[in-house]
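Heads up, the chain below is alone and in the form predicted alone; it's given as structure tokens.
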């Protein structure tokens, strides 16, 4: 199998998540080539063929022009899979490429299984495995679902150009809405999950966060239920965090949540289900009733 990996630049910098594409390809045991609209001054640590288009000429995003660059690389490489990150860049450009190639598209892949690709469904409460029936497949991979793989080396650069101004002009990035709390700067985060049972139990989790000098986090179901403000949400639709200590209270561990916190230095999970997915990334898994264990832990910390 051969893959063409579509790397990303943003605001003049190579995104580290580009290396997640290499991890995805490695799990497939696939040969790789990469395409990047970027700069020769900042090339990925990758010892393969790199199709490079000048970002000064092509812009950070120009859908018509970037699509032509990718189709040019596809013609040269004849890959089985064209792989994007599931980012604003990827989810906008991937369907354009798939339509041009008359290829199947599989979005937000979280794992490779039995010759197919695993994706979430039913609001990420379930997973299913899908397979393409076309000769080529266009794929986007979920952020954080695959670890960063930085193989090192220097790429063999082949420069690409395309003649098109496109009908859209890239103006810039709009700053994210200011959050009530910046979890990205917190050294300790204690997160409330659906397993805490009800909104009235949120103060119990918040008390532990305060006792540890940390911040309150929340999983998406807790935010969706209106128990905690969205500014406290951890995950791909919330904030991506990497504190020194992360305590997950009643969090099952949906892939979207794991993607937002699994780079934490030390992870403690408290859950009555010993097989909950959160246990796969936790350094310590406490199998207990959250609402019995957390008050006892808070009392010990407060002494």
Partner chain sequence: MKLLVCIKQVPDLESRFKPDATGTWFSETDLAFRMNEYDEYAVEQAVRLREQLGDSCELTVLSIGPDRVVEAIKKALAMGCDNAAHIQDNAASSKDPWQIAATIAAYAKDKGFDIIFTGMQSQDRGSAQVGVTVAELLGIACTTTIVGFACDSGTITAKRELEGGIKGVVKLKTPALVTCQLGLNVPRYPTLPNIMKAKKKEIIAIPVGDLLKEEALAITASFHPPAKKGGGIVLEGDVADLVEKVIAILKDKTAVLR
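Worth saying up front: this structure is predicted, and the values here are computed from it rather than measured. Whichever C-alpha set is largest while still superposing within 1.5 Å between the two forms counts as the rigid core. Numbering follows the first chain given and starts at 1.
Here the subject shifts to the form predicted in complex with its partner chain, a form of this protein not shown in this document.
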Of the residues 185, 198, 159, 102, which one places a heavy atom within 4.5 Å of its partner chain in the predicted bound form?
102
If we take heavy atoms and a 4.5 Å cut-off, which stretch out of 104 to 112, 146 to 154, 199 to 207, 72 to 80 is in contact with its partner chain in the predicted bound form?
104 to 112
Is residue 21 close to its partner chain in the predicted bound form, meaning a heavy atom pair under 4.5 Å apart or at it?
no
Hey, in the predicted bound form, does residue 238 get a heavy atom within 4.5 angstroms of its partner chain?
yes
Is residue 129 near its partner chain? Define near as a heavy atom within 4.5 Å, in the predicted bound form.
yes
Proximity of residue 285 to its partner chain in the predicted bound form, heavy atoms at 4.5 Å
yes
Residues in 262 to 292 close to its partner chain in the predicted bound form, defined by a heavy atom within 4.5 Å, in order
266, 268, 272, 273, 274, 275, 280, 282, 283, 284, 285, 286, 287, 288, 292
Core superposed first: is there a CA shift of 2 Å or greater at residue 230 between this form and the one not shown?
yes
Quick one: core overlaid, is residue 67 moving 2 Å or more at the Cα between this form and the one not shown?
no
Spell out whether the Cα of residue 198 moves at least 2 Å between this form and the one not shown when the two forms are superposed on their rigid core.
yes
Distance flag for residue 19 and residue 244 (Cα, change 3 Å or more) in the predicted bound form: the two residues are farther
Shown form as baseline, in the predicted bound form, CA residue 92-residue 253 shift of 3 Å or more puts them closer
